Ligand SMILES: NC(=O)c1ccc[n+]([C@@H]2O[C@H](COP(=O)([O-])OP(=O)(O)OC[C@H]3O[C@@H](n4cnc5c(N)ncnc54)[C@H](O)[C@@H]3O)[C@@H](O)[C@H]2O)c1
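Next up: just one chain, as C-alpha cells, the form predicted on its own.
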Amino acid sequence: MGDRLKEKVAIVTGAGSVGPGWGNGKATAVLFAREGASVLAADINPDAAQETAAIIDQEGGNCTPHEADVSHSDEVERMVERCLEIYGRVDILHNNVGIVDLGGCVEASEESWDRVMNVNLKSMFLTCKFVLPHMERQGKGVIVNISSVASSRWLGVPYVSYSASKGAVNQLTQSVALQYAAKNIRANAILPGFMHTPMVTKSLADFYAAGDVEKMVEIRDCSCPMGKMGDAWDVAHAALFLASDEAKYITGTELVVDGGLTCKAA
C-alpha cells in the first residue's frame, strides 16, 4: 500500500467491468485504494461494483460499492450524498463511465445518439454539478475525466456519437478547470488510445473481426506504434498522477495515453 492519496476520498464512477478482466474504472478504483484513498465505487451493475469493492477489501483498503445510473440526476445526487454520509467529504471525482455505439450520422439512430450522449457526457455534467459545491466548500478538489483520442482523431471506426461525446468531454473539462482554478479545484482529462479492456472486447469485436476477439486484438495491436494496445492499468496510473498532489499545478490538460498512436495519426 502506498500513500499518494492518503486520507483522500474518491468517487469512481464506472468502477466495475462489463466483463472478465480489468476495465479502466475497476483498475483505477483499486489503485486509488492501494494508494490510501477511501473509495466509493459506483456502477450501474451492483455486482460489478461489489466485485471491485471485494478486491479492495481483500487488500486491506476501504471501499463502499454503490449502484447508480449516473445519467440520472436523482441517482447522482444520492451517490454524492452517500459518499458524504460515509466519508464526510469528496476529494477526488473520477468520471469513467462510457459506452460505444457503432454508426455514423446516417446509420446511428436518434435513440442511440441520445443514449451515448447521456451516458458519456451528461453523466459528467451531473457528477460535476453535485460534487463541485462540496469541493468549493472544502477549498480544494480534483476531477479526472476519461475522454478518448477519438475526441480529436479518426481511428477507422464509425462511432460518431462516441467521438462527439468525447470531444465535448474535453471542453467540459477545460470549462470546469478554468472556472474553478482560483478555488483550488483542478480538472483534467485522460485521452486513452487503443486499449485492451472488457468494454472494447464487448463493443468492437464484431466490427473488427466478425466477433473473433483474438483477431481484433491482433489488428488493433498492429495499429499501435509500440506494437500493442495499452491496458486499464496504463489509464489508472495516469489517473493516479492527476489525482495526486504531484499534479498540483496541472489543470485543464488533456493527458494522452496512447503509445504514440495520435502522433502516427496526426
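Remember, it's a predicted structure, so these values are computed and weren't measured experimentally. Numbers for residues come from their place in the sequence shown, where the first is 1.
Unshown form predicted in complex with this ligand; subsequent notes refer to it.
- Stretch-level contact check against this ligand in the model of the complex with heavy atoms at 4.5 Å: of 188 to 196, 173 to 181, 85 to 93, 133 to 141, the positive one is 188 to 196.
- Interface residue among A238, V217, I44, C224, judged by heavy atoms within 4.5 Å of this ligand in the model of the complex: I44.
- Among heavy atoms of A68, some come within 4.5 Å of this ligand in the model of the complex.
- In the model of the complex, this ligand sits beyond 4.5 Å of every heavy atom of S244.
- Residue contact with this ligand in the model of the complex: V119 places a heavy atom within 4.5 Å of it.
- For A168, no non-hydrogen atom is located within 4.5 Å of this ligand in the model of the complex, even though that partner is not displayed.
- Shown without its partner, the chain has N96, V97, G98, I99 in segment 81 to 100 as residues with a non-hydrogen atom within 4.5 angstroms of this ligand in the model of the complex.
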